[in-house]
Structure formats: structure tokens, C-alpha cells
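Shown next as C-alpha cells: one chain only, the form predicted on its own.
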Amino acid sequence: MDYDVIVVGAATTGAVAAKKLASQGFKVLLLDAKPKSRIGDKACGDAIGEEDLKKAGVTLPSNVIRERILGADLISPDGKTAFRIQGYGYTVDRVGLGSALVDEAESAGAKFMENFHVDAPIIRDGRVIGVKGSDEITARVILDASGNKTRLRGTLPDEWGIEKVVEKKDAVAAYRIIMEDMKPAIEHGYLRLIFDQNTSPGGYIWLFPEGNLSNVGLGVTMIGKYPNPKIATENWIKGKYEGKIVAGSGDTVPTRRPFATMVGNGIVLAGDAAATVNPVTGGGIGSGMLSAKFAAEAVANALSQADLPGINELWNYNVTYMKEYGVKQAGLDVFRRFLIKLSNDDINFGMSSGIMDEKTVTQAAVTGEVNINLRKEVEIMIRGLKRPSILLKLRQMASDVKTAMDIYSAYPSSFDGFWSWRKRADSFFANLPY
């Protein structure tokens, strides 16, 4: 084998994993299709939570931090209700962060190869032994961190259970604009998220401060004839904000529960390639770094157990990820599917009535649990408000969130129990009413 580990994709997830593995003495090759100067260049809100950084063991270089974030404002479609959610984090220069993390991986001993386009995995004797593109390179383990459009998982053997595609209904198409000296200026220190099912169906509009820059964009769920996110973003900004546009880009993001398994013989998936994005917010930097940490730990342990690790040796990555983040992610996927079906009137009512309040939203963001304010619900019904259907739907959704989290809390400790667990999980999500 040419290397112990080949990490495909050198953005935040891949670079973090490569550094962690190289620092333990493994021979690591870090590949990316882009030149180093463009690593991390993608359509993104550029925000990351402080807690995720701590859990992933990542320290941001000071020169890539654009703004310290203190919380987020969630705005109802009619603009009459706003929740201020406290939570610390940063907006960052993604390209600068990409280059810095690659530098750290190289300093730890990883070899970096830019402009290498991976076309497919090399599969022999029932395991992945390398990647092929302009050249064929082999390794004991392949760590796929190449994003949602990965070319690796699509040809993996079905019996491993790794999902090969993300359905459109479980993805968001997004577009963002970076604007310099935007007027009127948005409040510094707070992310601003506006819900509007007409402009951004199934998603939201965002305005994120980045020093003298503003990151403005929106995401739309890719169901039916969804709006073009670029046109929708430009139309929404028109007449509201002015400034010099310095960049604009679009992308698609998986917004669903994590893949049922993220390991195969000789391969692990992390970050967007494994659908680790927060289903409700679409944020993936922090969760990608967490998956990188857990994947690197599992790969290092597996390489100490076997010369050519297989599913059984790598399985603990699944177990750790599900426990630390996947359970929450599964609950949030139910919440996401519920939100997609709501009208603007439903959202206005839920936020203004107090059934969904700051406490409920904060708890959902931190733990994935959704607890409806039943005391407030009773008060509303006593006052005779004509919304019995939405109240019943909220109750059902909260129950479904709990069931989803219970299923993922019972994730199997070995591959032996995987298919029976997978059948239960798939059946539950297939039969949700939303």
C-alpha cells in the first residue's frame, strides 16, 4: 500500500481528519480537486459554533475569524415575532480557514496533493484499496470527505449498507452573496434567519455579519418546482439592501438524518459525504469537524487492530457518531420535515402564540428534542383560537421526534445487528406523515 490513509477532500472535514491521523504517526495523503488557494471556497453561511469547535478539538487561527457571534435572531414570515437565541460562535473566512487547516495537516506530517480529481474507488477482493483519477493510489483505509457530490460512495457494494444518493427531498439548494459595506447595516454579533415559505420554501433567508462584509443568501428544499435560489436571493435583496457584491455562489446541501452506516471494508465517510449536516439549519462546518474527529479516532484504532481494516474494525465510528450527534440529527430531521409542510400563517401562529418559543427552539438546537409548551397550548385553546389542526400536528411531531431519537439511541454496537435496525429506522421515516 502507498499510504496508511488517503483522505479525499481537503476542506474543513478532510483537513481536520488528516491532521489528527498524521499527528499519530500514520502515513497520510490528503487530496483535493481544487488548488490550495481555493480550498473551502463554497456557498455557505460561514458560521460555526464554539461548542462544536471545542468538541472537535479545533482552534481557529485568529486571522480567519471575521466576527464573534453571540447568538441568532429567528424572524417570523410577517416580521412581527422574533426570537433571540443565545449561543457563541464565529463567522469565518472559509478560504482562509481551508488553507490554514491544510497547513496544519501538512505540519503534522500529511502529504497534500492539489488538483487531483478522484473519479472512483479501487475495489478489489471485497474492499476499497485506493482511489483512481489521473493516477491510481492505494491505502489501507480511504476516508471520504469530498462532499455531497462525492464520486466514491456510488459504486460501493450494496451489502455494506451505505446509502449511495441523497434524495432531492432531503437536500437544499442554496445561493449566497458576499456584500461589502452593506446598507442598511445588520446588527453585528447576531445571525439573522428569516422564515418565508414563499421566498425560501422549506428553508430560510439568512443575513450573517462578517466584519465589514455581509453574507446574504437563502436555501430552498428541492421538492417539486422549487425556486432558483440565485434568482430568489437577488430578488429578495433588491430594494432592501445595497452594497458592493464581491462574491456569489451556489451549492446543494444534504439536510437529513445521517446515513444509516458510514463505514465499509477499507472506507469511512465523513462530513457532507456522510450527510452529517444539521437538517434544520443546514450548517455543516461544525458537525463535519466532529465527524472528522470521530472518524480519525476510529480509523487509528482500526489500523492498530488489523492490517486492512474492514467493517467490523471501523464500526465504532458509527457507534460514536450516532451517540454524540446522530441521535440529535435524527430528531431534527423529523422537525425539518414537519417545518417544510407549514404555511407562513402556521409559522406566524406558532411563534406569536408562544407554543414555539425561545426555550423550545434552543432546546431543539442543542439536543434535538422538541417539547411543545402544553400549558400555553391549553391557554390558547381556552381562548378559542381556531387552530386545532396545527396544535394536533405539533403534538404528533413532538412524539415523532422522540421516537426517531429513541431509534437512533438504540443503534447497534456491531454490524451483526445493523440490517434489522436499518429496517426499523427506514420504516419509521418512510411512514411519517410529512
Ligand SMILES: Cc1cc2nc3c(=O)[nH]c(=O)nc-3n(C[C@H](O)[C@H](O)[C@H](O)COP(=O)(O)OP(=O)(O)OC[C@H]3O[C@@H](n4cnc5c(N)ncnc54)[C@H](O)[C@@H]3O)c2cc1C
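Quick note: we count residues from 1 along the sequence shown, nothing fancier. Everything quoted here is computed from the prediction, not taken from an experiment.
The following text describes the form predicted together with the named molecule, which does not appear among the structures shown.
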The named molecule in the predicted bound form: within 4.5 Å of a heavy atom of each of His117, Asp272 and Gly284?
-> yes
So which of Leu394, Cys44, Met405, Ile69 reaches within 4.5 angstroms of the named molecule in the predicted bound form, heavy atom to heavy atom?
-> Cys44
Using a 4.5 Å cut on heavy atoms, which of Glu106, Asp196, Asp251, Glu163 is close to the named molecule in the predicted bound form?
-> Asp251
Go through 260 to 268, 323 to 331, 200 to 208, 341 to 349 and give me the stretch that gets within 4.5 Å of the named molecule in the predicted bound form, heavy atoms only.
-> 200 to 208
Taking heavy atoms and a 4.5 Å cut-off, does Ser146 contact the named molecule in the predicted bound form?
-> yes
Looking at the partner-bound form in the predicted bound form, is Val28 within 4.5 Å of the named molecule by any heavy atom?
-> no
Using 4.5 Å between non-hydrogen atoms, is Arg94 touching the named molecule in the predicted bound form?
-> yes
Applying a 4.5 Å heavy atom distance criterion, does Leu21 contact the named molecule in the predicted bound form?
-> no
Enumerate the residues of 149 to 174 that have a non-hydrogen atom within 4.5 Å of the named molecule in the predicted bound form, in sequence order, or give none.
-> Arg151, Ala174
